[in-house]
Every structure is written in C-alpha cells, then in structure tokens.
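Only one chain comes next, encoded as structure tokens, the form predicted alone.
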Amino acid sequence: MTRNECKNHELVVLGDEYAGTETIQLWADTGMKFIGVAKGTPSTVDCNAIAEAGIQLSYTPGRNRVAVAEYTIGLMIAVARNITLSCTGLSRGEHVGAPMDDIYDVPDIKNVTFGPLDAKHPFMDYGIGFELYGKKLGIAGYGAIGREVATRALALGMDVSAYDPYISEDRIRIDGVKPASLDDMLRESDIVSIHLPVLPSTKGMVNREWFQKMKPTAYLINTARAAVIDQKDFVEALLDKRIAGAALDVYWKEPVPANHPVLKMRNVICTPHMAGLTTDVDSWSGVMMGEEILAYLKNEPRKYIWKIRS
C-alpha cells in the first residue's frame, strides 16, 4: 500500500516498506494508534518519530532465528570441512579423472578412492579440515538467534561460550552455555559467530583488536550485519593470516562488489545474504504480529515492543 492509502487507519502493519518521519507523523495525525513492522529489526521505519507520536512499535524479533541458526551451523560445517572449496574445485575440473565413453561402465572395486594420498590428492589441495565436536564456539550477541545457534552447537558436542553485556550470566548458564568476557571468548574460541545488532555502539566493533586476540587457527562466521565489522581490518586480518578464515553471508554493500577481495580468498566462504529467509519465516512472522494485534485489540500487554537502543 502507498503512504496515502494508510492514512485514516488505526492499525498499520508494514513488511519491508520504508516509513520516514513525515510519513509517521501523517499516519499518527490521521488516527494511527498501532504500528507493526514484521521484521526482526524495524530498521525501515523512523523509530524516534513513532516514539514521539506516543505510539508503541510492535515488531517480530527472532522470526527468522531458526533459519539463521541452521544456516550458521551449516557455514561452520562448511568452513571446518572445506566443503565449498572442494565442491567448487570439482565443478571447475580440479582433481577429476579423464572423460569416459560410458560413465556407467565401472570396475567392481569395494574401496573406491581418489587415489593415493600424494601431492596431487584433493586432501593436499583443499585440506582435510577438522571436526566441530569438542571445539570451542564463541557467540558474540546472545539474543534469539545466538541462543538458537548455541542449542544446535551443544547438540554437536561443541563447548559454547557467549559474550553479551546485556544478558545476565544466569540466563546464559540456563542453556548450558558459559558466560564469558569479550577477551576470554576471543582468546579461547576456535570459531567466533557474530550475532550483534547494528547500533552506534556496535558499528565497526569487530576490528583489528578483535582479530589480534583470536587464535590464528580460528574462523569468524557472520550472518548478522557487515557493519559491525571494520571492513579494512577484516581484510587485512585474512591476508596477514591473523585468523584462519571466515564465512560471510552479509556485506558492507550489497550486492557485494565483483572486485571485493573476499570473493577470491580460498579461506573465505561467501553466500549472497540467504541465511534469514526460508519458506517458514513468513509464517513465524505472521503468527507473532497476529499476537500483537490481538493483544492491542483486547487492551492487553504486548510481547514484542521495540525499545530504542544506543
């Protein structure tokens, strides 16, 4: 719907539409008393204008928490076992045999392998990788998605710690996760997974100091927002091998520029911002926003109210 079509309505619910200061004021002046944004973070609306109008903003935090958590675990497995590197290599014709006239005419051999473990073997080119079992995972940001990642990582037998100054240590321990200071989490983790919101206090927070504290064998996973990482420091850390590698689903500019150096790095997995969307996410979002609307109509407390953060 257009801006004018939403005038004179008491309830307005948005998806990915943008609503700035003038739009919010117009809607409030013509009778809007409920506004909802069916997103995990209502970054598409002027939250200050909504607050100044004396209206609470409903949103759908964690609507894609399962989607992102599963994707994050997938990226961890992919970096640990060099899955995308070896998959891409085969597709490009690396480490393949000669063409066959009849691909179905194969010898009856039980132990089928890629050949002797010599300098030409895929293991030597791509690396043999490591198991997640028993490894230390550090989670930066223990919100809805961070907790879902922790649950799945624990099921894989990982040792999980979390850094989040806004979550009580007791709440973190309930999940079987170890609360940790930022320095301890960075120093001890084999994999660090970023789940931070973009706030003035978090922009560029993941910087040279972070990478210097991490193990040189550690990997960074980011399915949150690229803005929390200092781009130049990150590229330098990878080039200088201060960290072993990374997996990224988000970028500082999207689509990611074709000449961005991470796209050419063998130790970086890049996917095009796919973690947060599945065929199930809209259902989660609809249920949560429906609960908010019903609570408003019944004059009951709402569960998903956005609080302006610094």
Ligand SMILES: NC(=O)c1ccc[n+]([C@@H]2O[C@H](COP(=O)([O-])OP(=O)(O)OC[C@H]3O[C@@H](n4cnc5c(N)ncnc54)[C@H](O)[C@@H]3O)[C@@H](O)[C@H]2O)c1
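Source: prediction; values computed, not measured. In case it trips you up, residue 1 is the first one in the sequence shown, and so on.
Another form, the form predicted in complex with the named molecule, is not on view; read the next lines as being about it.
Contact with the named molecule in the predicted bound form, defined as a heavy atom within 4.5 Å, holds for exactly one of 89, 129, 179, 143, namely 143. Just one of 225, 95, 215, 81 comes within 4.5 Å of the named molecule in the predicted bound form, counting any heavy atom, and that one is 225. Under a 4.5 angstroms non-hydrogen atom cutoff, the named molecule in the predicted bound form has residue 196 among its neighbouring residues. Although the partner is absent here, residue 64 is a contact residue: one of its heavy atoms lies within 4.5 angstroms of the named molecule in the predicted bound form. Although the partner is absent here, residue 68 is a contact residue: one of its heavy atoms lies within 4.5 angstroms of the named molecule in the predicted bound form. None of the heavy atoms of residue 42 is located within 4.5 Å of the named molecule in the predicted bound form.
Contact with the named molecule, judged by heavy atoms within 4.5 Å in the predicted bound form, is confined among 248 to 256, 45 to 53, 27 to 35, 261 to 269 to 248 to 256. In sequence order, 163, 164, 165, 166, 167 are the residues of 155 to 171 having a heavy atom within 4.5 Å of the named molecule in the predicted bound form; the partner itself is omitted from this view.
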